[in-house]
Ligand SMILES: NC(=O)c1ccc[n+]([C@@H]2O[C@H](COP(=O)([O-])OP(=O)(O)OC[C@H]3O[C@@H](n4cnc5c(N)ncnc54)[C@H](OP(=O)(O)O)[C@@H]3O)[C@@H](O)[C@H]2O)c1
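Single chain ahead, by itself, as structure tokens, in the form predicted alone.
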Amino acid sequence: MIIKDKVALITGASRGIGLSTARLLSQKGATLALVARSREKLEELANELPGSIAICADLSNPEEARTAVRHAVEHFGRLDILVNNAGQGYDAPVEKIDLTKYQHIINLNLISPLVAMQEAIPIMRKAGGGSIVNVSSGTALTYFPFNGPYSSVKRALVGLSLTARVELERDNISVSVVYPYMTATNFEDSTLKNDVPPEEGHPPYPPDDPAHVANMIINAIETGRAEVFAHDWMKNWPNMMKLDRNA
């Protein structure tokens, strides 16, 4: 897809990956619906990016995701690109997963992207096509202790996304999944935790800049690729972790 003159909605647009992606989409000529909880930050960004609008929404409530897409379509009359980027982490041993916290991140990381897709798909189909990019996580590709709550939800998002890709191919709607590696944002500061021991050791590679992930998202939109990985080595991550499925 050529991004210039397209209308794009991006969630989690007020900071980190979403902020970098919004700026890059604007540079490429897109008009943006910017969605996040922080009204002040969104309005500042909307003033910075020509033609953009700020839509304040708490996406842990899936109905607010539905309303956000409808607001964007009512304002612009169309929607060509949907980037489901908003998310929050939750670290806990499987034995100690708090169901209230787990439901919260399921709503935010899985149900709201699904609802946004359900609202966007008929609009894109009527227009003759579109692009949906769902931001998953490298943790969906492997198995880290205490990361089960977050990684399981991100795996579910991958399953929905790639199934939708097959279903929507005839409608010229591409659905892509992006797998970031660790990224230099404040994501960890907002990650929910319970009964997690102090971290030991260091990640194998330094965190990526948010701009790197923004470029991955742009690549997914422009090429329509099914999956975009932050680094090629991530494709072999389960084997790197030496997980023996036959043991």
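Small disclaimer: the values here were computed from a predicted structure and weren't measured. Residues carry their position along the shown sequence, with the first being 1.
Same protein, other form: the form predicted in complex with the named molecule, not shown, and the subject of what follows.
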Check all three, L32, P62 and A116, heavy atom within 4.5 Å of the named molecule in the predicted bound form:
no
Is Y150 close to the named molecule in the predicted bound form, meaning a heavy atom pair under 4.5 Å apart or at it?
yes
Quick one: is S38 in contact with the named molecule in the predicted bound form, heavy atoms, 4.5 Å cut-off?
yes
Proximity of A57 to the named molecule in the predicted bound form, heavy atoms at 4.5 Å
yes
Hey, in the predicted bound form, is G87 touching the named molecule, heavy atoms inside 4.5 Å?
yes
Stretch from 168-176, 119-127, 93-101, 78-86 whose residues place a heavy atom within 4.5 Å of the named molecule in the predicted bound form
78-86
Which of the residues spanning 9-41 lie within 4.5 Å of the named molecule in the predicted bound form, based on heavy atoms?
G12, A13, S14, R15, G16, I17, G18, A36, R37, S38
